[in-house]
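Before any questions on how it binds or moves, here is one chain, the form predicted on its own, in structure tokens.
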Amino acid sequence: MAAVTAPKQDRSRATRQRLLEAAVSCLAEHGWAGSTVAVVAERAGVSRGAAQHHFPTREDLFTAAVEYVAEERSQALRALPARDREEAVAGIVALYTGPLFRAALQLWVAAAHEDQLRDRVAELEARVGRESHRIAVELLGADESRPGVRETVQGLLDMARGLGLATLLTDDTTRRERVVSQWARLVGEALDG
């Protein structure tokens, strides 16, 4: 019987994964208003019923999608090479200027106006923020027992988020490269000084 169950579980996991990826894509491309369960199900190539089997409500689907985004961001951060600080800073900024951040931002904006989302997204964002900070500390080799280091790392994450917001409206790659270079110097001085 286990041989029969395993393929069904594998198909169920694959369907769930397709739904999460489709939800992230829809949020990034169409925002909250244009992202419905039906649109996500169609993009994932599954029926609306199958989508609702995995995620009974729209809020369940998109909260799970942002949680998926958060885990993807964490994995991407952990995978960054720790060769030098400028590469680390550029990698951190890249996470906040890509489609994963764009999708998360759409859900944050929706949560600001949707009571049923607000608490779930706020709790998730607090957890993601703590994890991002912890990984950035490791990646930068930061010693948070030194005064100002914790704030420097948090400032870097806040700056990266701001650059991610700017990227929503314009392609500011050239300016962003200069900012990343300057921030890498400032981070280096704060962490080494």
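The numbering used is simple: start at 1 and walk along the sequence shown. Just so you know, these numbers come straight off a predicted model, no measurement behind them.
Not on display, but discussed next: the form predicted together with a further copy of the same chain.
K.L.:
In the predicted complex, which of the stretches 157-165, 48-56, 66-74, 137-145 has residues with heavy atoms within 4.5 Å of a further copy of the same chain?
P.N.:
Residues of 157-165 come within 4.5 Å of the partner.
K.L.:
Could you confirm whether residue 106 comes within 4.5 Å of a further copy of the same chain in the predicted complex, counting heavy atoms only?
P.N.:
It does: once a further copy of the same chain is placed as it appears in the predicted complex, residue 106 has a heavy atom within 4.5 Å of it.
K.L.:
Could you confirm whether residue 78 comes within 4.5 Å of a further copy of the same chain in the predicted complex, counting heavy atoms only?
P.N.:
Residue 78: no, not in contact with a further copy of the same chain in the predicted complex.
K.L.:
Looking at the partner-bound form in the predicted complex, is residue 151 within 4.5 Å of a further copy of the same chain by any heavy atom?
P.N.:
Looking in the predicted complex, residue contacts with a further copy of the same chain include residue 151, since a heavy atom lies within 4.5 Å.
K.L.:
Is there a heavy atom of residue 60 no more than 4.5 Å from a heavy atom of a further copy of the same chain in the predicted complex?
P.N.:
Output for residue 60 is no: heavy atoms all beyond 4.5 Å of a further copy of the same chain.
K.L.:
Give, in sequence order, every residue of 100-136 that has a heavy atom within 4.5 Å of a further copy of the same chain in the predicted complex, or say none if there are no such residues.
P.N.:
Read in sequence order, the residues that approach a further copy of the same chain (within 4.5 Å, in the predicted complex) are 101, 105, 106, 108, 109, 111, 112, 113, 118, 121, 122.
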